[in-house]
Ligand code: NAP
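Single chain ahead, written as structure tokens, the form predicted on its own.
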């Protein structure tokens, strides 16, 4: 006779998806343990404490919608909240629903192995502790596995150094210091514009410039907060209806259906409006028509030239190898103006590559620099990276990392054949978009499946290989013709700092969020007939 599992479910990660999943599994009466590597809840907002870290979707659209009590009692201070405020909000959620009593902190998961004999997962921690569970739910996040650059001597620097995603919990001052920031992605942009305010000197090492647009953040006065709160039902309904669950959604017109004057006026309005509108609320053909994309790219390039005084520097800040919106668009606050400051220098490492990190700084092909601090804003092994760092093995000892060596294969972005009872939150091939909106649907769908299993005493759930292939093929087909998938980025799985991830793949669903939800909901309505369920 086999032993009963320690828990009905183990959830890996206590970010927003792990927190909400715990809340919902409690409603089902399932014994649940959340395993968290950190010392607190919050996931992304726990780890990413770098200067300038904040939302780039509107605060009130990013929060949980499941609790009217929380919606009524929480006031946002800014339209795009900073990391400290966001973490305070998530701590409040954890306190309100007493989530921490089922979360085990300082518990980094090292392995998860399926045991067919008793249909359980055995989950091992780095400290040697192990637990068993019937269902394994991964809430590891699409951007939670930071990568350091492949530069010789990267560990040799004797001064202060840190990756943006592993920022110290205590305050870090750059006053009067010589600082280097390596990387100009979204976290790099936010960090650079803050460090430049106090550093004696800031040297930015850029490999790939990014199209950036103004965030245009502002404070929320009490009267405005009351108005926002009164509009919550309509706002959340709009998020359900838009393409990516944001408040912004593509304009139905095409770029060249309007006059030159109308097009220019429309773009000027978007550029002067807060948030993602310039990216997500643009003409409907911006991501599929090359001429349309070239036109908006020219518009934004001219904005950069207007904002940066030194035109040689401006040209270095304008991307030449990808069009506007084909990579994630960092939202900024006077980022380009930073390069007008006397204490800021931009180094293009395509022209003068970094050859080595040294104990006192770093050396490029032409200069040896000395620094007091180095900030590594070098991004993440995105989407699949957090899975790769855990030794996940399914039936017959098959490793998930090997299975995905040529790109992820999933069923609805939530399951993989050969890995029974493993359910992924915000996994590959899901509709990502505005993350909390996607999380709530994903968790609710998983919870309904778990309820179905509980009520029918089902102990084994697995998609068929045919359904996995069909969904994976569908995701790839949706990517055809989308300019985003012609560009190297974390959204297409390319990371030069990770071995084996130099080939472009389709690792995310690019259809609309309503279409994705409709497909998932149809599966549930059919009684999960596409899944192999066993008692």
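Positions refer to the first chain, counted from 1. Keep in mind that this is a model prediction, so the values were computed, not measured.
Heads up, the form predicted together with this ligand isn't pictured, but that's what we're talking about next.
A heavy atom within 4.5 Å of this ligand in the predicted bound form is found for one listed residue only; from 327, 393, 79, 316, this is 327.
Comment: this ligand is not present in this chain, but in the predicted bound form one of 103, 228, 151, 122 has a heavy atom within 4.5 Å of it, namely 151.
Residues within 4.5 angstroms of this ligand in the predicted bound form, judged by any non-hydrogen atom, belong to 186-194 and to none of the other stretches in 92-100, 403-411, 168-176, 186-194. None of the heavy atoms of residue 333 is located within 4.5 Å of this ligand in the predicted bound form. Contact check for residue 509: no non-hydrogen atom falls within 4.5 Å of this ligand in the predicted bound form. Shown alone here, residue 379 lies within 4.5 Å of this ligand in the predicted bound form, counting heavy atoms only. In the predicted bound form, none of the heavy atoms of residue 49 sits within 4.5 Å of a heavy atom of this ligand. Residues from 493-517 that approach this ligand in the predicted bound form with a non-hydrogen atom closer than or equal to 4.5 Å are 496, 497, in the order they occur in the chain.
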